[in-house]
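First comes one chain, alone, set out as structure tokens in the form predicted on its own.
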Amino acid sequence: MHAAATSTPERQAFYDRLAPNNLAPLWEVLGALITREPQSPCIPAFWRYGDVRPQLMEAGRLITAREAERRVLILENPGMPGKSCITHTLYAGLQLILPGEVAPAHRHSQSALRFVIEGNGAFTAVDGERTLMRPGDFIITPSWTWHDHGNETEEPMVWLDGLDIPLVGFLDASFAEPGNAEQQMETKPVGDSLARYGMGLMPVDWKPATPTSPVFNYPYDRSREALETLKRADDWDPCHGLKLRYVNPATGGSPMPTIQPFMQLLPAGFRTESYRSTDATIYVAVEGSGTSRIGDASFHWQPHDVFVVPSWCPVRHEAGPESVLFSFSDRPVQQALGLWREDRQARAA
């Protein structure tokens, strides 16, 4: 971009006369509006689950799931304090449901994912179908679908929420509605959507009504089995190890129109090459341990830890033992708009 125009008293007086008419000179701000590279306020950040969990359990003692509607501790990016977001376009938080509790039914414009961190056997219900939640499961709550959560087990249930709240808010497209009852009436058996749409089969006359996947629970045991089988080919991407994207079985595209989730395997001792892309990405460590170098920051992670890689920030992962990472980003939006870029030869982090 051109150098900034020189300021003079005459020019400043002109600018002052523009302001009351809701006008402003583009040449004074052009360099900040159209930057040479992404310049996000999002910064590398890390949340150690061992530190967060006691605070989450304290929240469980202080407020009920019914009172809170959703008992969640927001993972707020330190570069954007008070904005309730983890990246410019995405929100993330850790949700707790204690034994015997119900998070009441509601629906909203925002699309949501759940990635199960702790506990086994609580449920989430979407439009009349329950699914049981197990560690490592990736679960979708599509936009404007009724959903509630409940825990009929004897242990706490914790999962990571990921939503497109900032993106929907930026578009001024947010709607929400409370349910008439705490829990929905079950209209489908558990596992119906996976059996109906997720086995390489589809009902013969079914046509998708929305861009969201008709499968709303992607069980971890199936994801892990896929990684285990594919690693035998010993075909490791230098930037990602073995990285798979979850898909909508009806289209082959992202399971969610605004959020793309991924699962990747890093073999023991594997060190990725430096990589960057325009989609800021949230990671959750699932198995193993390792270190991620993000720009000038370095984070050592273990299972359940969460960290974020800002847009266009070089990242390099190094595994200790064999490790698995779940991640998600706003890549589908960027790709739909023709904006997504990657750099596989990024300046070494």
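Residue indices: 1-based, along the sequence shown. Keep in mind it's a predicted model, so treat the numbers as computed, not measured.
Here the subject shifts to the form predicted in complex with a small molecule, a form of this protein not shown in this document.
Within 4.5 Å of some heavy atom of the small molecule in the predicted complex lies at least one heavy atom of residue 147. In the predicted complex, the small molecule stays beyond 4.5 Å of every heavy atom belonging to residue 316. Put simply, residue 70 is close to the small molecule in the predicted complex: some heavy atom of it is within 4.5 Å.
Contact check for residue 163: a heavy atom falls within 4.5 Å of the small molecule in the predicted complex. Annotation: in the predicted complex, residues 240, 275 and 281 none come within 4.5 Å of the small molecule through any heavy atom. Only one of 108 to 116, 206 to 214, 187 to 195, 76 to 84 lies within 4.5 Å of the small molecule in the predicted complex by heavy atoms, and it is 108 to 116. For the options 91, 246, 123, 138, the one in contact with the small molecule in the predicted complex, meaning a heavy atom within 4.5 Å, is 91.
Residue in contact with the small molecule in the predicted complex (any heavy atom within 4.5 Å), chosen from 264, 258, 131, 95: 95.
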